[in-house]
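Starting off, we have a lone chain in the form predicted on its own, written out as structure tokens.
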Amino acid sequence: MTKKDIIIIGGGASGIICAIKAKDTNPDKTVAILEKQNRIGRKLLSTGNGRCNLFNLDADDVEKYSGSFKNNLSALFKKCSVVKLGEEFSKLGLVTYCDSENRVYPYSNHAGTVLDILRFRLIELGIDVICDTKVTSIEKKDVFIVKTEEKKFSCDKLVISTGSPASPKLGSDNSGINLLEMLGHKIEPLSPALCPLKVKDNTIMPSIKGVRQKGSVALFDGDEFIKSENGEIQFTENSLSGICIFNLSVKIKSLKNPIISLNISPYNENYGQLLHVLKINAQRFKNREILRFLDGMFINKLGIAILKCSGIKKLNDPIFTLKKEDIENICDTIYDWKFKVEKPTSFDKAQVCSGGVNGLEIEPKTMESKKIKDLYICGEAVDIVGDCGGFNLNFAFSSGIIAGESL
């Protein structure tokens, strides 16, 4: 059996930064990372479209998050704010910049730069990184007994930072969350989050596959308003996508009758102005075919989809044949285009996972389990999801730092 003072299971963003801070805090302790893949930080390389959106300057805003750990975030961010996070990366030698949406990236614009400076620090500190090592069980006696497929480890303090099932192509799974459940933790149901939303019974979607359109998006549960977002909407063969959709996808699992409403009017909330313009254009271009009615507002295939969803059937007829109610129906679709949501798409297309260890079972000032002494939980194993734009990686790093400093 191999003895270590501190073992971190999971070599992702949270686990790596946790190991570094643990060794910084306890230089005389032996620290090891156990990683089931053949290298650490694989998922980190894919974040921010390969640029690694480290964190967001607005990430201390708890309203950007959802999940059972949300009420603990104020205490967590008080200990590790975005200012401290920036300082930690500066100490590691990473130069960063902030874009117009407060997203912080490495100056190199390459996620590999971030992983390199983290790996070099692990080497400098003498932290053991043991890859191709999948943990199969954990026992808590006087010490933790960590069993893998080939050997056993023991440690005084244990951190589980194994991530979630999101992005399985990058090696993610729910093995760590299963271990935490076996140790007696309550696990909130897992579901894909920050992902496209599959829509029901909408035959129009294949015709507008690949279209991108700016607009506002509102999520309803039946008639009850839940949340809205603005941004670029992307249409796929069977789903709605884009950052604004991703940020709403987190809410879907708790809704009975989820409905997405799109307002893609160029006049925002001014319904009257949109209707006025449509009526003028109907007169101005009355001899054109109906299928060209919306050409000055949208690309043609999106305009045709809107017309069809407004109940217009004879698209080759001249525009002057449109009735008053036809124009009003077209206006209604542009202003309030409703899609019934079937479910989020699979974990394959999800950036993160909703669910995980119930937040009430974790002490936010240390990330220590309230159920098992000397067990710490951080990163995506915790039931918390942030908006797109660096909020989730911010939590991964912040929770890892806090856990590392508390060991």
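These figures come from a predicted structure and were not determined experimentally. Don't overthink the numbering: it's just position in the shown sequence, from 1.
Form predicted in complex with a small molecule: not shown, discussed below.
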Flag this candidate site as yes only if K134, A350 and G390 all have a heavy atom within 4.5 Å of the small molecule in the model of the complex; otherwise mark no.
-> yes
With the partner omitted here, the residue among C309, L291, C331, L179 that in the model of the complex has a heavy atom within 4.5 Å of the small molecule is L179
What is the one choice in I117, L170, A75, L315 with a heavy atom within 4.5 Å of the small molecule in the model of the complex?
-> L170
Can you check whether A13 is within 4.5 Å of the small molecule in the model of the complex, heavy atom basis?
-> yes
Is there a heavy atom of L34 no more than 4.5 Å from a heavy atom of the small molecule in the model of the complex?
-> yes
Wondering, does K64 line up within 4.5 Å of the small molecule in the model of the complex on heavy atoms?
-> no
Is the gap between T366 and the small molecule in the model of the complex 4.5 Å or less for some heavy atom pair?
-> no
In contact with the small molecule in the model of the complex (heavy atoms, 4.5 Å), from 369 to 377, 335 to 343, 354 to 362, 39 to 47, is stretch 39 to 47
